[in-house]
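Read the single chain below, which is given as structure tokens and is the form predicted on its own.
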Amino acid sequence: MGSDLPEKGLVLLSSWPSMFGIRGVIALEEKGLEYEYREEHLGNKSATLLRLNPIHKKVPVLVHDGRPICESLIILQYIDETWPGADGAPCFLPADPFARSQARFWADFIDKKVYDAGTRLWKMKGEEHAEAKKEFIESMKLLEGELGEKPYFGGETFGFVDIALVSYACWFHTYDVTGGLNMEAELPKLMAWVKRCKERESVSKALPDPLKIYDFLLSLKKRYGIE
């Protein structure tokens, strides 16, 4: 794929504020895999990124032995299937086909509902902002209901849906501020789950400081002229 990439091994192209790229870091760390992390500046995307992901031109991209895998949930599944028992870690996805389908459903729900509403919280004003706030809380309450009394979404084991959602945790402060929310008060079980996940080294290592995320958003809004 090019002389700038090793022929063997793992390379993750990502950007530090990206919840999608954070998923890749958590998954690789959970499996105890050695990899090279390459930071991408999304305002000035590298020729390597554009070559590896010519369709979407986005991070993350996982390169395994010179071959690129794109889209974060697909990357999670690839890592899980390629290294199912790495470092003694359990699989991210359950063995039962129905349970596996449910995990994929909720991960898809997160990216379609939570990401969209969360983005509109800081982009929109007035009625559109109010609608985004309503949709965001409704989506998060559905996820909290799915979690229930379990320690993790898959039960006793940290897995696919946990990785898919906890990657957003560093953005929760930003959602609180821009949405006029108090997620700690409105979603106590989900916030307790976040704290539980952060006790894992893979998660604590991958998640950036929430205040740094908020500063990043302010610079992003300024760049795009969003008041």
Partner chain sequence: MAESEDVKVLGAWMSPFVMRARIALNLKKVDYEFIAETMHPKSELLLKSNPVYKKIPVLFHKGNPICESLIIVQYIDETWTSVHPILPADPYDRAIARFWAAYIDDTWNPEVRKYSMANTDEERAVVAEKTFAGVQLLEEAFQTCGKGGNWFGGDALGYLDIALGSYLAWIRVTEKMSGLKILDGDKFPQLTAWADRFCAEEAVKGVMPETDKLLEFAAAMIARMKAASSAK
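Numbering follows the first chain given and starts at 1. In this text, all values refer to a predicted model and were calculated from it rather than measured experimentally.
A second form of this protein, the form predicted in complex with the partner chain, is not displayed here; the remarks below concern that form.
J.: Could you tell me if residue 185 has a non-hydrogen atom within 4.5 Å of the partner chain in the predicted complex?
T.: The answer is no: residue 185 has no heavy atom within 4.5 Å of the partner chain.
J.: Given that the partner is absent here, does residue 105 sit within 4.5 Å of the partner chain in the predicted complex, heavy atoms only?
T.: Residue-level check for residue 105: yes, a contact with the partner chain.
J.: Given that the partner chain is not shown alongside this chain, does residue 119 nevertheless sit within 4.5 Å of it in the predicted complex, heavy atom to heavy atom?
T.: Contact check for residue 119: no, nothing within 4.5 Å of the partner chain in the predicted complex.
J.: Does residue 152 reach the partner chain in the predicted complex if we count a contact as any heavy atom within 4.5 Å?
T.: Contact check for residue 152: no, nothing within 4.5 Å of the partner chain in the predicted complex.
J.: Please determine, with the chain shown alone, which of 63-71, 173-181, 30-38, 197-205 has non-hydrogen atoms within 4.5 Å of the partner chain in the predicted complex.
T.: Looking at the partner contacts, the answer comes out as 63-71.
J.: Exactly one residue in 127, 81, 138, 156 has a non-hydrogen atom within 4.5 Å of the partner chain in the predicted complex; which is it?
T.: Exactly one residue meets the criterion: 81.
J.: Would you say all of 212, 216 and 225 touch the partner chain in the predicted complex, counting a heavy atom within 4.5 Å as a touch?
T.: No: none of 212, 216 and 225 comes within 4.5 Å of the partner chain in the predicted complex.
J.: Output the sequence-ordered list of residues from 111-128 with at least one heavy atom within 4.5 Å of the partner chain in the predicted complex.
T.: Residues within 4.5 Å: 112, 113.
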